[in-house]
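Shown here is one chain on its own, the form predicted alone, set out as structure tokens.
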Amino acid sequence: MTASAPTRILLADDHALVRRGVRLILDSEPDLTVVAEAGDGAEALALARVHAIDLAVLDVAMPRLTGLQAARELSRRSPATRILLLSMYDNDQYFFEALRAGASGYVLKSVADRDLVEACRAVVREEPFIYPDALTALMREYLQRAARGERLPGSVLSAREAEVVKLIAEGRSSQEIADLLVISVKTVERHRANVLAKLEMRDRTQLTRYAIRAGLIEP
């Protein structure tokens, strides 16, 4: 990308109306242009393979793969691509998960018209963007953990286990999950058993509640 070229953006959100609104905001700026749109995390990753992009703007909660899962894979596959996550949730957990997934910024949909353009520009400049209301919560979280001598915890589940939990919570059968992830049914069942043991849970209902709290699916 040259100094005069606009930032090429991949936009992913499973709601077409939201995508349209976000695209209007971005395309109205001379230094930003949306070159590809996706309806879920898996489609976003596929499009990232065939489009030259500088920035991925991903919704946190999407079908098949969430924005968090797509961000994790995209940051591994293409470290130079900047990532910005969009969310309707003002939630500390989602924010920290976004950072762990490789995102450089987190924008609330409720104030996207105010913050989104600034966030995109900051992230492209390799500067982190934190929505203003998160600063107090962020400082409080770190200070409390530092006072207790703790570090921020890593994710309890592996990336593959999180994928399986998400699909279970969406009501998919073991065969459907196996087909989607291109693994055997036996492997799906093993992941399910490992997850239940790790989380000390018994059934799909409890896994679904966990998936909502962890931002894998929308409530």
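Don't overthink the numbering: it's just position in the shown sequence, from 1. Treat the numbers as computed from the prediction; the structure is a model and nothing was measured. Each form is matched to the other, and the largest set of C-alpha atoms that superpose within 1.5 Å is called the rigid core.
The same protein also has a form predicted together with another copy of the chain, omitted here; what follows describes it.
With a cut-off of 4.5 Å between heavy atoms, is residue 124 one of the residues that contacts another copy of the chain in the predicted bound form? Outside the cut-off, so no.
Tell me, yes or no, whether residue 78 is in contact with another copy of the chain in the predicted bound form, where a contact means a heavy atom of each within 4.5 Å. It does not: once another copy of the chain is placed as it appears in the predicted bound form, residue 78 has no heavy atom within 4.5 Å of it.
Answer with yes or no whether residue 112 is in contact with another copy of the chain in the predicted bound form, where contact means some heavy atom within 4.5 Å. Flag for residue 112 set to yes.
How about residue 209: is it within 4.5 Å of another copy of the chain in the predicted bound form, going by heavy atoms? Yes, contact at 4.5 Å.
Interface stretch in the predicted bound form with another copy of the chain - options 65-73, 39-47, 184-192, 161-169, non-hydrogen atom within 4.5 Å: The contacting stretch here is 161-169.
Considering only 175-198, what residues come within 4.5 Å of another copy of the chain in the predicted bound form, judged by heavy atoms? The one in contact is 176.
Following rigid core alignment, is the displacement of the residue 209 C-alpha between this form and the one not shown equal to or greater than 2 angstroms? Where the cores coincide, residue 209 still shows a C-alpha shift between this form and the one not shown that is 2 Å or more.
Superpose the two forms on their rigid core, then report whether the C-alpha of residue 177 is displaced by 2 angstroms or more between this form and the one not shown. Yes, shifts by 2 Å or more.
Superposed on the rigid core, does the Cα of residue 25 end up 2 angstroms or more away between this form and the one not shown? After core superposition, the C-alpha of residue 25 moves less than 2 Å between this form and the one not shown.
Where do residue 166 and residue 62 end up in the predicted bound form, Cα atoms closer or farther than shown, with a change of 3 Å or more? Distance between the C-alphas of residue 166 and residue 62: longer in the predicted bound form, by 3 Å or more.
Residue 14 and residue 168: do their C-alpha atoms lie closer or farther in the predicted bound form than in the form you see, with a change of 3 Å or more? Their C-alpha distance grows by at least 3 Å in the predicted bound form.
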